[in-house]
Each structure stands twice: as C-alpha cells, then as structure tokens.
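The chain below stands alone, shown as structure tokens; this is the form predicted alone.
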C-alpha cells in the first residue's frame, strides 16, 4: 500500500477550518503533517485540534525542514505568489486558495515555477467540487440545455454594510478591504468563485465590459465595494455579474444558465448561512425532463442526480482535497489547475482594467 500524501498547511485563518475535514476523512490517502502560521499561538492551537506535531512560524523553514510532499496555502492574497513559488522550488506540490495571486504577472510566475519544478499545482476553486454543480456541467456538456445563450451570477454579502446589527462585520482595517493586500475588493474576494463557475459551465470569456465603485470608507487602496460586468463568451453567450459587499440586499450567491432547451439555477436555501448559500444545490428544467403536461413554470425545476460521481462527501472542500491528493498520486491534471485557473484570473483583472479605462477589454490582450 502506498504512503499517504503528507501535507503542510500554511495559514490557519478561517478558510483553513473548512479544509481540515478533508485531511481527517481518509488519512491513509492524505494527511496533514505540519502546520505553519506567523502567529505561534494560532499555529499551535490549530495543530492541537488537527492532531499534528510539527509546528512552524516560518514557511520557508517548514519547506526546508519538514518531509511534507505538498503544501496547502491558506494565507492572505498578497503572499500567494511568494509562497507558491517557494514551495515549487522546494519540490512540493501546491494547493493554493483562491485567488491565484494579486496580478496576472504573479499568476504567470507561479505557473512558470510549478511547470519548471514538475509539481502538481491546483487552485482551490471549491465550487467545482459541489456535487450538483458537477452534475450540471455534465448536463450542459451533454447538450440538455441546448446552446447556452445567457448566464448570470449575483454575489452579495453585507460585510461592509453600515449597520451594527449585521452578523458579518469584519474588524476595522481588515485586509480583505485593502486593495493592495487582496488584489482588489469584492470581485477578487468573493465573485472569483462564481466567475470561475460560469467558465466551468459555459466556456471561455473573450471580452469584459465593467464598472466598479470605489471610495467606500471601509475600503483602501482602490478596493471596490461594488461592481457590475458584462461578459462575452467565445461561444456567443452573454454573461452578467453583479457584486456587492455594501448593498442593503439579501446574501446571495446565485448563478443562472439559460439555454435554448432549458435553464438551471441555484435557488437560495431557506435561512442560509453565507457558507451554505455559497454552495446552494443547482436545479434544472429542460425539454428532456418535461412531464406529460409540458413545462410547469417553477414547478418544473428538479434537483440533479449526483449518485454516479462516487464522491467522498457532499462537502466540496473535502472533495477538493481528495481530488488534489489523487492528482498528486497519479500525475493527473486537476480540474482547477493553474493553467486552467489563469483564464478565470483574466476575467477578474479584465473587470478591473475595464472599470479603470471605461472601455471593454479583450482578454486575449491581457
């Protein structure tokens, strides 16, 4: 029996808590072996919870001293490139939280380093591992919806709403509202998930026309609190993004696809937490699924079957980590490899360039 993939976690912030169950489900395949955080108390607390003995406060020391096979980078956005490149140069496989980096130059530098090192590089776009989204992509690929002509995503979270009763209110000066540290604002922090998901369903984007609102008092260094964008896909479909951290609007992480023979969307769950709303199961209606009475409006939307995928869990974070481990073991290409994900990052930075210039941006020119 082969040895499990040994992983070192870098960064013990909130997202790392979502990753932890992925290392606990099948420790014979992938296990957390080392933990690193600049804050020693945070690193030790996480390691104790995870049952890990190796604790570091310096990522480079972990890369030099630990015998881990891979790293899971869950740090602030402006550290992604430096850490991913250092890991690749140390011969470690890399699982990197979104977004890949804070500029396209940094994204390309990571790709170059991981390619040269011959290591597996995967960006943690966990929505690609939601079972119903995998099933929806299969339906789209099989032609059940016909030609997709429109797609839409809404990403609303009231993190910057000026209302003391809001359950989500980051502390003053939070790095996620700092354009230099985050690489932008709501688009790079939140919408990158659903922009990637639209690519996963519909295909590549050729052109972006966008507007972003900056100057909100909670945001610094040109980070936007709101943005809208129109996306022109290479296959002729039109997409639309609406994103906000500051609007008085319900939490929403919806996506909708419109095809010539059907539609699909992600209806918000009842009383959702942001986490569960973020991965609300998709439903579908199509000519193929119509009953004897034909289309019955909202009543025709049906859940998607996911039993055929043989996934380890309904939790996309667990599925994501198990997928990464398999790719490291067999050399397969991750479904959100760096080479794939740079196309998502072109959309993100295309939104920013279009908003800055006031003109549409051809992504092939970025």
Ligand SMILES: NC(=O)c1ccc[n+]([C@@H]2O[C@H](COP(=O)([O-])OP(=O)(O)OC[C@H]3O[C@@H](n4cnc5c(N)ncnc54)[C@H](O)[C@@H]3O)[C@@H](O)[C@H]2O)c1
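The structure displayed is predicted, hence computed values, not measured ones. Positions refer to the first chain, counted from 1.
Below, we refer to the form predicted together with this ligand, which is not included among the displayed structures.
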query: This ligand in the predicted bound form reached by all of 238, 345 and 352, non-hydrogen atom within 4.5 Å; finding: no
query: Contact residue in the predicted bound form, from 226, 98, 128, 199 (heavy atom within 4.5 Å of this ligand); finding: 98
query: Among the candidates 329, 335, 304, 38, the residue which, in the predicted bound form, approaches this ligand to within 4.5 Å (heavy atoms); finding: 38
query: Residue contact check: residue 206 to this ligand in the predicted bound form, 4.5 Å heavy atom; finding: no
query: This ligand contact at residue 83 in the predicted bound form, heavy atom, 4.5 Å; finding: yes
query: Interface membership of residue 20, this ligand in the predicted bound form, 4.5 Å heavy atom rule; finding: no
query: Residue 213: touches this ligand in the predicted bound form, heavy atom cutoff 4.5 angstroms; finding: no
query: Segment assignment from 214 to 222, 185 to 193, 112 to 120, 243 to 251: heavy atom within 4.5 Å of this ligand in the predicted bound form; finding: 185 to 193
query: Any residue of 63 to 86 that, in the predicted bound form, places a heavy atom within 4.5 Å of this ligand; finding: 74, 75, 76, 77, 79, 80, 83
